[in-house]
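The chain below stands alone, shown as structure tokens; this is the form predicted alone.
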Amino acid sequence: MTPLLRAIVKKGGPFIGLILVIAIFSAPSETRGYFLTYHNFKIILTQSVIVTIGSLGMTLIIVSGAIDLSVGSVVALTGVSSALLLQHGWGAAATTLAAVALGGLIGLVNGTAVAGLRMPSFIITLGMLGIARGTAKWLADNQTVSYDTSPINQWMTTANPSGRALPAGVWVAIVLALATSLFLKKTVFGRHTFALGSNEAAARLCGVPTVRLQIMVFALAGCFFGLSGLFQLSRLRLGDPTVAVGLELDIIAAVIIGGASLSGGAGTVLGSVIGALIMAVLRNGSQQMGWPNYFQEIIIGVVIIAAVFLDRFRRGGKA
């Protein structure tokens, strides 16, 4: 039974978990009337966009056998930087490119330190967490950054409860998820990324340029994180240097719940997207139940621990 159960958890665990979480919050009579409505699911999908896009980048990093703890700070920095650019009259397209480029640059720095200098990704990105957060506060002068109206403000709106159209951010997340999934499965880069996470030494002996590959993985992931920061800006409609504290934990939990292994070499984009939806449903359902913020944080903490346990269970209890 144990091998069968392990196979079920590995293949269908994320989807089963999503259905279970939805069923739990649909059961109480005080939430059932609104929780299962189309408008609420539109809100859940919108709330999941930031974690979903971040999880795409984190999937690449974790599959390669590394980890990035600087995501929340990068999101805050790109949000503040984008708000300052909008404040100075930049258009939506130019600001988007700048946010993605800034995230990619930070990822490039992380990747170069990790791969080129042979430093642990945990330590490097922990240091970048402080650098990016401090830079965001410095640029914003320790206050929020406001700007005149911009098309970016409409990318995450859920106004008009009777409207059926999904916000642009949801569609962007869907398209990026499909593209990233194909990229990982169908390209040489994707296959090499899995090989790097499975056994770096063996990959190097097989001719995989491991140093360059890991730098590229971090840089590409940074582009996703920068885009997440832009959607965070769209959601808040101002640049806040204190936002997204702990976001990296939600993103890492989503990726691990989705089937990725902290040891590297395993993971799917679909699983990460479902993991992000689970995190969004948990927060949405907790708010509708009227649970205090500290209780929500406890629940998320339990989910993160459960995610690590699932990772161990899927690998058969081996360290």
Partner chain sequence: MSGPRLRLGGISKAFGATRALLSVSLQVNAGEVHALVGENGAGKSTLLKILSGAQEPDQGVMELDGEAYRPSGPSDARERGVAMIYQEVTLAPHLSVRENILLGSESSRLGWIDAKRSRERAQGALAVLGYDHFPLERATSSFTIAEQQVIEIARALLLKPRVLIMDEPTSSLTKADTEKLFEVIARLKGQGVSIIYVSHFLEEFGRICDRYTVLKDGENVGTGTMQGATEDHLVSLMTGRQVEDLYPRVERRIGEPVLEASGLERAPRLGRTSFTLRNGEIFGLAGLIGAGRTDLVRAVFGLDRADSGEVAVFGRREDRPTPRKSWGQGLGFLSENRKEEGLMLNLSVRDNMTLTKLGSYGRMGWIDHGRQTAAARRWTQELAVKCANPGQPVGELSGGNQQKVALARLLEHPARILLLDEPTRGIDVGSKAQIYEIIGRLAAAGKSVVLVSSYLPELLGLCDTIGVMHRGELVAVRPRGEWSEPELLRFAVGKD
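Residue numbers count along the first chain shown, from 1. Here the structure is a predicted model, which means the values were calculated and not measured.
FYI, the form predicted in complex with its partner chain isn't displayed, but the following is about it.
Residue contact check for G65: none of its heavy atoms lie within 4.5 Å of its partner chain in the model of the complex. M119 falls outside the set of residues with a heavy atom inside 4.5 Å of its partner chain in the model of the complex. At the 4.5 Å threshold, heavy atoms of L97 stay clear of its partner chain in the model of the complex, well away from it. Using a 4.5 angstroms threshold between heavy atoms, H192 counts as touching its partner chain in the model of the complex. Partner contacts here mean any heavy atom within 4.5 Å of its partner chain in the model of the complex, and among 35-43, 265-273, 48-56, 65-73 they occur only in 265-273.
With the partner removed from view, the residue among S198, T157, T112, T135 that has a non-hydrogen atom within 4.5 Å of its partner chain in the model of the complex turns out to be S198.
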